[in-house]
Ligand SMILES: Cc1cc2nc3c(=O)[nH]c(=O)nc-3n(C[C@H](O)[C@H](O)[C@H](O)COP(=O)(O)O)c2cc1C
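A single chain, nothing else alongside it, follows as structure tokens in the form predicted on its own.
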């Protein structure tokens, strides 16, 4: 899949923009294990103007990331247009517009998936962003909010100038429950001329094959990679020698370069719990991690647990 000057490779795998998950360390690991592109956590266009210091931490990158995509959200076309011109985003290769987030605090502000109910405004935003950059622009959306209008919405994205789209085939009401509708993904792919990235429920080789059967040009991996950044290598059937403890340690080391320890010890806990999910006696190990107040002590717990894996 080649878009303008960006070569995503054939059938690319892309790390999804997950709030509180897709930090600079996790994006580095996903890239190491084969992610062809990585997307930041959601970046508020308005915050980039009024509180750039907070946003700056979410725009940290490493050289390991092959194609860097910044995802922005907002409901004001001018703020969105200004965001892609921000010095904070100069290092990014492409921009994604979030029109699919189902979080209530985002939707109530008329942002994220709320824009699926206002196609005119959504189109205005896409056009404004396109006119503000020469880099590729994509849109991420869902099946719909008040109604399942994903086909109409997908065509609008294409007509408004989007270079490609990412379709998470769940409704807003579903959130992340139920199953992603792969038939809906196939129908969007059949309707559009621009590339379509499929997103939803890809957690292993079997689900990956099902997604590819929809005919999509690439696949975005989200929750399936949480605690398992090596999933990208598995899906590509690449043999990569790695030690799970070293992976966790690398994640923490990268974050320690940028964040204070007191903040990090609280933030990293959820990642540590995900890394421990499939370990023998994972329940007791997760309890230890959840009550541990020192990162290095947590690492010791995980190191011992990983050593006991068969």
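What you see is a predicted model; the values in this text were computed from it and never measured. Numbering follows the first chain given and starts at 1.
Although not depicted, the form predicted in complex with this ligand is the subject of the following passage.
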Segment assignment from 60-68, 281-289, 251-259, 38-46: heavy atom within 4.5 Å of this ligand in the predicted complex:
38-46
Evaluate residue 181 for contact with this ligand in the predicted complex, applying a 4.5 angstroms cut-off between non-hydrogen atoms, and reply yes or no.
no
Hey, in the predicted complex, does residue 171 get a heavy atom within 4.5 angstroms of this ligand?
no
In the predicted complex, does residue 201 come within 4.5 Å of this ligand, counting heavy atoms only?
yes
Does this ligand get within 4.5 angstroms of any non-hydrogen atom of residue 143 in the predicted complex?
no
Interface residue in the predicted complex among 94, 214, 77, 98, criterion: non-hydrogen atom within 4.5 angstroms of this ligand
98
Counting any non-hydrogen atom inside 4.5 Å, which residue from 122, 114, 220, 84 sits next to this ligand in the predicted complex?
220
So which residues in 2-27, when you check this ligand in the predicted complex, have a heavy atom no farther than 4.5 Å from it?
16, 17, 18, 19, 21
